[in-house]
Ligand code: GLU
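First comes one chain, alone, set out as structure tokens in the form predicted on its own.
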């Protein structure tokens, strides 16, 4: 089995493209096949080295390794030209000077459903665009693993332009020749390519007829359903993250993203949701891919990412947090890595509350950088009653025999009991005093991690106003 992922480097790798890459990768790994990476860089203006690197970086982050490539389509121009000349010489293609207006006039005369034949506009065989000659009568049938057979009647197909007048080949021709030369056995891509497939099959068949890739297989096709947002509309930036880079910047784990993308349009058959990459490889089958559009819901991804975060050991999660912060906030990374024990302690008491790596620093930064400036939190919780509760809490904490989590909980609970108030009337003033905000990991765990000396110091600062 030989599969390929062939993105156009015109921007960041879209989530839909990432799913296509993943499905190809899973298929190759499932069957001990070969995963080829091809960069379709024929759009010279948009296919920049920076855009190529964005795609490679996204695939590396997702840990989708390729076995061959990257092959750059633009570097195969000589091979494309050789195949084009062979089709012209073999009578499978011809030059035509027909314009868009000529095509429109033909359709007006014969009907919009009638395929355009451009030989009536043939030039002197040296000028004009090159069109592929679609066979008269019959049909091209696309055998699709997901959608079944789709029949394209030749009478409805235009003779497609496969090269411009200057000799530069067009997408459908280049793709077909590249797949042929690479002996691709399965083409797995989005359903938006379905209309291209009969054209590419016709190119493949014509190329084989003139001796190109005579021993290469005709690929089996699988066209994946489109991705929609939760509202059922085509996935775009209005739904949140739309690219792999944006998911990375939002703090998601690559293994969670792989798991979630695999579930978009594919099911294991037993409603399993959380699956390791090894398990995905063992279970993946193209036949289980749905024909219906799949919905990308970032809320569900956050939930799944939280599960993966909680499965990491504390040291591993601390390393992941640091790696994320080094890119997202270098100053925060420097503060966090200055005290490894404090970092691991903060990670340990935060991981039940966070869903992405990006959630950690806003929740736990006060351990490393001091209290935040949140005037509304101080106004709400450090009024006259709050200061009174905070005074009593300080007394109990200062006299506690030990300062572990049970001891801190007992000390603060005694203040709640003595004043017969709701727990938050005591816990929130303490939280604002040590963190500056009303949000932190568990209050008992936070106080214990800060330690007696630092906790009392921060409370004293708060009491001093």
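Residue numbers count along the first chain shown, from 1. Values in this document were obtained by computation on a predicted structure and should not be read as measured data.
We do not show the form predicted in complex with this ligand, though everything after this point is about it.
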| Which of 126 to 134, 385 to 393, 205 to 213, 167 to 175 lines the interface with this ligand in the predicted bound form (heavy atom within 4.5 Å) | 167 to 175
| message | Is residue 189 near this ligand? Define near as a heavy atom within 4.5 Å, in the predicted bound form. | response | yes
| Taking the shortest heavy atom distance, is residue 79 within 4.5 Å of this ligand in the predicted bound form? | no
| message | Can you work out whether residue 3 and this ligand are in contact in the predicted bound form, taking contact to mean some heavy atom pair no more than 4.5 Å apart? | response | no
| request: Report yes if any heavy atom of residue 40 sits within 4.5 Å of a heavy atom of this ligand in the predicted bound form; otherwise report no. | output: yes
| query | Taking this ligand in the predicted bound form as the reference, which of 302, 143, 193, 353 has a non-hydrogen atom within 4.5 Å? | reply | 193
